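First comes one chain, alone, set out as structure tokens in the form predicted on its own.
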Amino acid sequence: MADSTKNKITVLMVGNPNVGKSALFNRMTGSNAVVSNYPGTTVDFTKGTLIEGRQEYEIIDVPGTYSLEPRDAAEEVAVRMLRDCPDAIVMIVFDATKIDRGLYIALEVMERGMPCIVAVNMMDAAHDKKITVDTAGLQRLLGVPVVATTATSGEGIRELAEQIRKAQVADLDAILKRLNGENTAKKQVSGCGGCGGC
């Protein structure tokens, strides 16, 4: 039987520890996950498959890291995975209650010139703490798709899966200009839920 999907695309899920990456991974891949040791290490990582719109994605849950300047074995593996998969899409997972920490790792990843999408996870925890997250504003700032999710309930998972194909390489100069208040808006695609760079 012929495979109707296009060539498999790798998606690396990157984020700080305890941002709900594993729960998000489980929601996206179901029960077909495989746990392996990264070659030459004792560090585990998990990979599984997502099929969305006739496209097959290999989703890899990268060990949690606070920085791409590794301080332990797990962070070293995270850096190696990004280096060893230069053609991958990177899904950067934020904790909605600690956006500043997410931004730090996001900008480090974006410096590598890989197409990115951001999942602002744990929105339920943000609501409970009366924290409002402006995901549209964050999307305008970063110039990549940003999707609000709550992995425990499944909120936003469908949209996140649909938006993977719209992952963008971030323009760091434009981000800096936007942070300084300069208008760098690109023409938006009507009705598009992504960043407008389809």
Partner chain sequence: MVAVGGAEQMVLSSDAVLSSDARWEMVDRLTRQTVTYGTYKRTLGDVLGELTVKPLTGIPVAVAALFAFWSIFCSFAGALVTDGFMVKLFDAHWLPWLQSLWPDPASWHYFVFVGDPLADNCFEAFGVLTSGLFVSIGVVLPAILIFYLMMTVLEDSGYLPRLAVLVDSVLHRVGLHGYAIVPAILGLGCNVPAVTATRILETRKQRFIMMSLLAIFIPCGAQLGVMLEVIPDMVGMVFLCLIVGFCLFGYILNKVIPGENPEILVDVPPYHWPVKENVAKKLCNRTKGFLKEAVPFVLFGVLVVNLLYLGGVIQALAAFFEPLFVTWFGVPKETVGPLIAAFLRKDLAIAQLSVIPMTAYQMFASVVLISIYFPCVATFVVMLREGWKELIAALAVLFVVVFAYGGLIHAIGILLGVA
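Residue numbers count along the first chain shown, from 1. The shown structure was predicted, so the numbers you read here are calculated from the model rather than taken from an experiment.
One more form of this protein, predicted together with its partner chain, exists but is not displayed; see below.
Trainee: Quick one: does residue 55 come within 4.5 Å of its partner chain in the model of the complex, counting heavy atoms only?
Mentor: Flag for residue 55 set to no.
Trainee: Consider residue 129 of the chain shown here, and say whether it contacts its partner chain in the model of the complex, taking contact as heavy atoms within 4.5 Å.
Mentor: Judged by the heavy-atom cut-off of 4.5 Å, residue 129 is in contact with its partner chain in the model of the complex.
Trainee: Quick check on residue 81: any heavy atom within 4.5 Å of its partner chain in the model of the complex?
Mentor: So residue 81 does not count as contacting its partner chain.
Trainee: Any chance residue 116 has a heavy atom within 4.5 Å of its partner chain in the model of the complex?
Mentor: Heavy-atom contact with its partner chain at 4.5 Å: absent for residue 116.
Trainee: Going by heavy atom distances of 4.5 angstroms or less, which of 148, 60, 161, 138 would be at the interface with its partner chain in the model of the complex?
Mentor: The residue in contact is 138.
Trainee: Can you name the residues of 141-176 that have a heavy atom within 4.5 Å of its partner chain in the model of the complex?
Mentor: The stretch touches the partner through 141, 142, 152, 172, 173, 175, 176.
Trainee: Compared with this form, is the residue 56-residue 38 Cα separation smaller or larger in the model of the complex, the difference being 3 Å or more?
Mentor: Compared with the shown chain, residue 56-residue 38 is farther in the model of the complex.
Trainee: Once you compare with this form, do the C-alpha atoms of residue 39 and residue 87 lie closer or farther in the model of the complex, given a change of 3 Å or more?
Mentor: Note: Cα gap between residue 39 and residue 87 widens in the model of the complex.
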